[in-house]
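One chain comes next, on its own, written as structure tokens: the form predicted alone.
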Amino acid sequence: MDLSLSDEQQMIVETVRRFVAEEIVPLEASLDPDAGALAPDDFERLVKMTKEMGFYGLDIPEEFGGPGLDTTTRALMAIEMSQHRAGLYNPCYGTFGGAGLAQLYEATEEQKEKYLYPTLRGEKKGCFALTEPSGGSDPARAIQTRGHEDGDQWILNGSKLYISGADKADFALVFARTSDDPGRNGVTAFLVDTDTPGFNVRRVVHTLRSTHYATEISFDEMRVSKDQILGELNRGFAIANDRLSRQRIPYAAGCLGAAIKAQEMAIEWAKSRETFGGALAEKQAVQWMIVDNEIDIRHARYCILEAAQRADKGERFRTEAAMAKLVASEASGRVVDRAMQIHGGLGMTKDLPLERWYRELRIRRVGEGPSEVQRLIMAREILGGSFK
């Protein structure tokens, strides 16, 4: 595997690194340590900059107006974009734009006109409603939300949990069981407007993130038309699962970015902090923590780039993406934890971004599939499908 960057990739990395250092980090000095958004004027100014750079809408396919980045370049950018206080919660505060729900690219043209194109223009927001109170790690079998056919309509009943942004969304991608098949072949995806009678946001679910929350939603005799089915009947889980592996790569890269920055901070502090008659960096215990950090960082970087390069070559990369997500989220958590230890009391305060990264990385061990599920994905493939 070639770990070197092309001239174009090096230029992109340097451009994003400079943007974060010169535009994002200075603004954070006046924000609350747990802030998740910029002031509107600052946001609009920086969005204009990213559009001028040609990087707005990073994950939007080229045919829909996006920059058409390969997975490796996207991962390299994610590493840089996460190296600021809010970088693991909202990289660069969303100034590089988003792609909405990736599953919408597989919609019919009529559905694209109603949901996808307004989302890309910033006129609508959607939410992804898959996880249920009965469990999220095995969503295909855990789905108890039921849909039954009634003429030219479907009636949905059930609930979803830990759904981000449902209270502010204009529509939801809802997954419901529509056959007696207990597994993934009995699930259908529905595009549902959130003002549909029977769609209810039950409550807000607060998390480790001070400014972020999830929601619980329910469906009570909610009627949707047949033309609101996304994809094929009883094949909705394939839509949910299709893009998960590819999304795990930049997700893992974001974890790595925070770890790299935490390591830089730990090295600088260890060299400058005097204790017991010498610099912290002279103490073997600290040296070993720095070395262990470097091992974790290099391991995660290798896994991420291997997965990205396999994806770009059109090779199978599901196991590699699972490994990248697992290794990066867990290794980055260890790196930040050691960096906090090296900083001592200061590392526990909101004067530094370390404590926020620590909380965010704990969440990332569950987001995009928990570590245990990533191991299950790898085991199934390594054992040739015999392990279930």
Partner chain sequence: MVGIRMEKPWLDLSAEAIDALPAQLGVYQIADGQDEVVKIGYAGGLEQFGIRTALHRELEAGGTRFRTELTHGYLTRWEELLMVHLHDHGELPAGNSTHNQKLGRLRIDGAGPEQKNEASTKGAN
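Numbering follows the first chain given and starts at 1. No experiment lies behind these values; they were computed from the predicted model shown.
What comes next is about the form predicted in complex with the partner chain, which does not appear here.
S.K.: What is the one choice in 203, 146, 273, 299 with a heavy atom within 4.5 Å of the partner chain in the model of the complex?
M.R.: Looking at 203, 146, 273, 299 one by one, just 203 meets the 4.5 Å heavy-atom criterion.
S.K.: Tell me, which of 167, 264, 292, 181 has a heavy atom within 4.5 angstroms of the partner chain in the model of the complex?
M.R.: Of the candidates 167, 264, 292, 181, 167 is the one lying within 4.5 Å of the partner chain in the model of the complex.
S.K.: Based on heavy atom distances of at most 4.5 Å to the partner chain in the model of the complex, which listed stretch, 276 to 284, 68 to 76, 222 to 230, 189 to 197, is the contact stretch?
M.R.: Checking each option against the 4.5 Å cut-off leaves 189 to 197.
S.K.: Determine whether any heavy atom of residue 345 comes within 4.5 Å of a heavy atom of the partner chain in the model of the complex, and answer yes or no.
M.R.: Result no; residue 345 lies far from the partner chain in the model of the complex.
S.K.: Could you confirm whether residue 313 comes within 4.5 Å of the partner chain in the model of the complex, counting heavy atoms only?
M.R.: Outside the cut-off, so no.
S.K.: Give a yes or no for residue 235: in the model of the complex, does one of its heavy atoms lie within 4.5 Å of a heavy atom belonging to the partner chain?
M.R.: Contact check for residue 235: no, nothing within 4.5 Å of the partner chain in the model of the complex.
S.K.: With a 4.5 Å heavy atom cut-off, would you call residue 64 a contact of the partner chain in the model of the complex?
M.R.: No, residue 64 sits far enough from the partner chain in the model of the complex that none of its heavy atoms falls within 4.5 Å.
S.K.: Listed by sequence position, which residues of 50 to 64 have a non-hydrogen atom within 4.5 angstroms of the partner chain in the model of the complex?
M.R.: Heavy-atom contacts to the partner chain in the model of the complex: nothing from 50 to 64.
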